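Okay, so here's just one chain, in structure tokens, the form predicted alone.
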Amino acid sequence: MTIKQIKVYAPASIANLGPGFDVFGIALDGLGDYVKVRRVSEPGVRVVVKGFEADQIPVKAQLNSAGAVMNAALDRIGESVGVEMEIEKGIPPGTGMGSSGASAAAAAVAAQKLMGYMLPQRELVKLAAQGEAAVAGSAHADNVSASLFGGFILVGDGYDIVRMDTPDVGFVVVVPNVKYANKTKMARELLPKMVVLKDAVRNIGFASRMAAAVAMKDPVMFGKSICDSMIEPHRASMIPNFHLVKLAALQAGAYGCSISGGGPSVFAVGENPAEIGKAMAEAFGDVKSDIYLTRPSNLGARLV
């Protein structure tokens, strides 16, 4: 290891973006996690967590998304060294904004810097995805890829990532105050084993339009492509008043609205995100919620 200490910031993200389940992701501006890594003399990986709901996040390295990434990195090079990790959570965990993915992405970037060599893109994504496997049971790459590289990403087979700069448009994420144990597992279990052909065709059409909108930098087409006939109908049951919240967003001028990641957050896209967010929060009724105003970020994980 050639560097003794490093600090990395990685942005929040929305994955399962509209019709792009497990394929599309987008990085968010102004929300993110910091991971500070320091080499120490005693072998092993030790984790400290600060910030949003720090007491709810595991500090055992093998159960923490950033710690699991560092363990995997050390195993990769076969070195018995000591690492201390301080994670500052700027993203509320368990809300669908890629909290574990951001920490994992920051840890992956820090790890390769500490090791003194750059991983190929696929290997870096694969390393970061080990953090998701540790906390969610699946090494999915849509959140970590958006946090690693910024922008709008498409995940292909074998961690093959396509990245494009995003249209400039307002986002609002509204987070209802509801909690679920093992939320990611629960959200996965709600999904059907088979889908109706017409729903699959509809999703393919909107996914194609979304990718075209990003390439064309068309924020209106991008927002109007946020339509999902396969996943949203099944996960809507996890979110109080979801259909009323979505209707309120559209009536307030949103181009599109859907579930953020695995929920329970709901996001919307439009030119007046503050007004849209207020309408959505009111539609949640008695369920209190937090509003996050943001925009897409074309910057991914980076040294600070």
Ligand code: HSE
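Counting begins at 1, following the sequence as shown. Everything numeric in this text was worked out from a predicted model, so none of it was measured.
In what follows, reference is made to the form predicted in complex with the ligand, a form of this protein that is not presented.
Annotated contact segment (heavy atom within 4.5 Å of the ligand in the predicted complex): 136-144, selected among 106-114, 163-171, 122-130, 136-144. R188 is the sole member of R188, H234, R202, R76 with a non-hydrogen atom within 4.5 Å of the ligand in the predicted complex. Within 4.5 Å of any heavy atom of the ligand in the predicted complex lies no heavy atom of P273. At the 4.5 Å threshold, heavy atoms of G67 stay clear of the ligand in the predicted complex, well away from it. Of the heavy atoms in P264, none are within 4.5 Å of the ligand in the predicted complex. Taking the partner from the other structure, the ligand in the predicted complex has no heavy atom within 4.5 Å of any heavy atom of D290. Contacts between 7-24 and the ligand, taken as any heavy atom within 4.5 Å in the predicted complex, involve A15, N16, F21, D22.
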